[in-house]
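Same chain, two forms, each on its own as C-alpha cells: structure 1, then structure 2.
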Structure 1
C-alpha cells in the first residue's frame, strides 16, 4: 500500500468555513485508491516539525488575531519551510495561511503582521471594515495543462497584491482584490487561495492533482490515478456553475 504523509498546521486556530474538510476529501480519495494518508498535527508548543519529512503541508483560514499569534511561531521555521517548498513538498494554503506565506499583512490601523516571505506577494486590509470580498466564486485554472473551473466561497477583507503566478482567472466573484481578474497563488507544488467551502469537496480534480503530484514526486515516475465515480460531484458542480455563470457578475 502506498503511503503519504500530511502535516496539518494549527488545527486549533486555522479552521474557518470547514477547511478541515480538505483533509477529509484527500483521505477519502486516497483510500479509494488503496493509498494511506497519514495525518499529523502541529500546534504552538509542539516539538519542531521537519517539514521535509512530509508530502503535503496544509493550513487553513483564520482571522487577523490568529494570524498575529501564529506569525510569531511560524517565523521560527521560516528557513525550513522555504527549503521544503524548494525541494517540492506540496503546500495547500487557505485564506489566512495564504496571506502568512507572503511578505506581510497590513491591518486597518497600519499594524504589520510579518509574513514568512516565501513568496513575493503581500496583503493589506481594506480601509473600510464593512467592505469584504464575500460570496461564491468561480475561477478558471490550469492543472497539468487541462483547464477546469474551480468553485469556492471567499470571505476576506485583505487585498493581496504582487501575485506573479495566480491560481486562476476569476469568472465570478472577486479574487485577490475587489473585482480582480486573478485569484490565489500557484506553482506546481503550491496552491494558495482564498477559496473555502471546503475547496476540495467542490473540486475533485484539484484534490487528484495534489495526490498525483505527491505520488509522482515520491516515486520519481509518472502516475495514472484510478478513476473514481464522481457523478454526484460533477452533477452538483454543473448546477452551481450554471447558476453562477449564467449572468456573470461581480459580487461585493
Structure 2
C-alpha cells in the first residue's frame, strides 16, 4: 500500500476554525485509493521535526494571541522549513498559518509578530477590530492548467499585501484584503489561503491536486488518480455556487 506522511503543526493552537477537517478529507481521499496517510502532530515542546521527512506539512488558523505565542517556537525552524519548501514538500497553510509564513503579521493590537520570511508577503490587521473579512468566498484557481472554482469561508482581520503569485481570483467575498481581486498565495507545492470551510471538504479537486503532487514527487513519475464518486460534493458545490455567484454582495 502506498503511504504518505503528513506533519500537523500546532493542532492545539492553530485549530480555531475546524481546519483539521482538511486532514480528514485527505485521509479519506487517500484511503479510497489504497493510499495510507500517516499523520504526525507537532506541538510546542516536542522534539524538532525533520520537515524533509514529510510529504505534506499542514497548519490551520488561529487567533492573534495564539499566533503570537507560537511564533517564537515556529521561528526556531525557519531554515529547515525554507529548505523543505525549496526541496518540494507540500505546504497547506490556512489563514493564521498563511500569515506566519510571510515577513510578519501586525496584529489588531499593533503588535508585530515576526514571520518565517519564507515568502515576501506581509499582513497587517485593520486598526478597527470590528472590520474583519468575514463571510463566504468563491475564487477561481488554476491547478495543473485546469480552472476550477474554490469555495470557502473567510474570517480574518489581517490584510495581506505584496503577494506575487496569488492562489485565486476572487469571484465573491474579500480575499487577501477587503474587496480584493486576489486571494491566497500559490506555488506548485504551496497552497496558502484564507479559506476555511474546511477548504478541502468543499473542494475535492484541490485535495486531489495535493495527493497527486505528493505521489508524483515521491515516485518521480506521472500519476493518474482513480476517479472518486463526487456526486454529493458536486451537488453541494453547485448549490453554493448558484447561491453566491448570483448574489455578488460582499460583506465587510
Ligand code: GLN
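Numbering follows the first chain given and starts at 1. This one's a predicted model, so the numbers in the text were calculated from it and none came from an experiment. The term rigid core refers to the maximal set of C-alpha atoms that superpose within 1.5 Å between the two forms.
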property	result
Of structures 1 and 2, the one that is the form predicted together with the ligand	2
Rigid core superposed: residue 145 CA moves 2 Å or more between the two structures	no
Rigid core fit then residue 112 CA moved by 2 Å or more between the two structures	no
